[in-house]
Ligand code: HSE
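Heads up, the chain below is alone and in the form predicted alone; it's given as structure tokens.
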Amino acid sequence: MAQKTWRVGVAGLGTVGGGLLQFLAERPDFAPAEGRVEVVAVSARSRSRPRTVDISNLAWYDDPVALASAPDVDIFVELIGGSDGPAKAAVETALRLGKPVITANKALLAEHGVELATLAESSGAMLLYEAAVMGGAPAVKMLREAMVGDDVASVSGILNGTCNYILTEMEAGGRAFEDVLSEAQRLGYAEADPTMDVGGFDAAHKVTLLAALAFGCAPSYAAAHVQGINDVELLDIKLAKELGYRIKLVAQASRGPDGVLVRVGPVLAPLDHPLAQANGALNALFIEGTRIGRIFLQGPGAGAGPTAAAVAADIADVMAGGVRPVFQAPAETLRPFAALDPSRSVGKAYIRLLVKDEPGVIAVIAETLAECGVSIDSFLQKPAPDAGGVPIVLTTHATPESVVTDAINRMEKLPAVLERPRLLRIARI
């Protein structure tokens, strides 16, 4: 019996799309299931743009929606990006026609996940998205498949390679954020408009998907509390290291008895912790299960090879015919989680102050913290780098975030404090 050929249409021919075309041209019979894969049609913004792969023998579509509905396309792969516009319209078209859809579009799923899952399940189409989180590391499959027999308590990790690269280079080279960001843009690690990455929004989209899979709820991107690395200063990176920590942008979703907390922000991780040791463009993730315990994944979070491999793995799943709910449960049963207020969370904190070089300042700060109910764990005072003031750094014992914020507000008003104190969380990992 002749092997079945699965005809694939690819919308989006950037780094990942080019890597996928190259791989499938070299390995059309890669999948364990019987059959082979052939890319038959593509769509992108520009037909004439120079590319590393030859597309002259493929059907070209200016409109990705037309590609999604093409009768000779069996599997539609969406690599355009963006939560709305052509990407959303093309995915919806393919799903309505009952075609399997594979996407790397975390923003689309984080903001329209339930809607698309409902459409997919009503038409019997598969909607797969392994490449949307952590590139080639199988974070989605781990939660969607391997962890279904467990109750996940939390997921936390480094989900944005651009931010991780910038923070790593700031520490290694002793350079300011703006300098490293400019270099990252020149090297192609950061976009011309880096807001989605450095603002924490890309990581928030990803952890929103992981939270939905981990807790069997609807993706709720609007409920995520997001802070980027824009305000991370080189001074904080240096002082944190002296205290035994490294600053990382960490995305976390944790479940409690009253709801779920989803947040992204810069935190201090102990130097000997795996997250602190994941440098450069690496991604890393902890999954905490009540039965299995703690699982750690690490791998490249982007790039042609790793992300294309994740897309290929989803193509193999389509060929094998295994059908699962798009998230952890049927779409009609998914409900948004009760979002927890981060100010109620309890943890250790890093506080950096810039104060006047005069007697009695430390005593006043300690008294203010004590009045607010904040207990000091460690203390570090550095020589004045210039005439502008003296940096003082302290870490606290575990304290409700609202209490620490109240202390920050009070210390900011002290006559000896020259600017609003800098607050960073210390990771509970």
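All values reported here derive from a predicted model rather than from experimental measurement. By rigid core we mean the largest C-alpha set that fits within 1.5 Å across both forms. Just count from 1 along the sequence shown to find any residue number.
The same protein has a further form, the form predicted in complex with the ligand, not shown here; the description that follows concerns it.
* Do K206 and the ligand share at least one heavy atom pair within 4.5 Å in the predicted bound form? -> Yes.
* Partner contact for F337 in the predicted bound form: the ligand, 4.5 angstroms, heavy atom -> Judged by the heavy-atom cut-off of 4.5 Å, F337 is well away from the ligand in the predicted bound form.
* Is N160 a contact residue for the ligand in the predicted bound form, using a 4.5 Å heavy atom cut-off? -> Judged by the heavy-atom cut-off of 4.5 Å, N160 is in contact with the ligand in the predicted bound form.
* Taking heavy atoms and a 4.5 Å cut-off, does E78 contact the ligand in the predicted bound form? -> The answer is no: E78 has no heavy atom within 4.5 Å of the ligand.
* Is it true that E130, M142 and F327 each have at least one non-hydrogen atom within 4.5 Å of the ligand in the predicted bound form? -> Negative, none of the three is within 4.5 Å.
* Considering the ligand in the predicted bound form, which of D341, D179, E191, E242 comes within 4.5 Å of it through any heavy atom? -> Only one listed residue qualifies here, and that residue is E191.
* Asked: Can you pick the one in A302, M319, L235, A269 that has a heavy atom within 4.5 Å of the ligand in the predicted bound form?
  -> For this set of options, the contacting one is A302.
* **Option from 227-235, 161-169, 93-101, 348-356 whose residues, in the predicted bound form, bring a heavy atom within 4.5 Å of the ligand** => Checking each option against the 4.5 Å cut-off leaves 161-169.
* **Residues within stretch 197-230 having a non-hydrogen atom within 4.5 Å of the ligand in the predicted bound form** => Those in contact are D197, D202, K206.
* **Large Cα shift (2 Å or above) at D193 between the shown form and the other one, core-fitted** => Yes; that C-alpha moves by at least 2 Å between the shown form and the other one.
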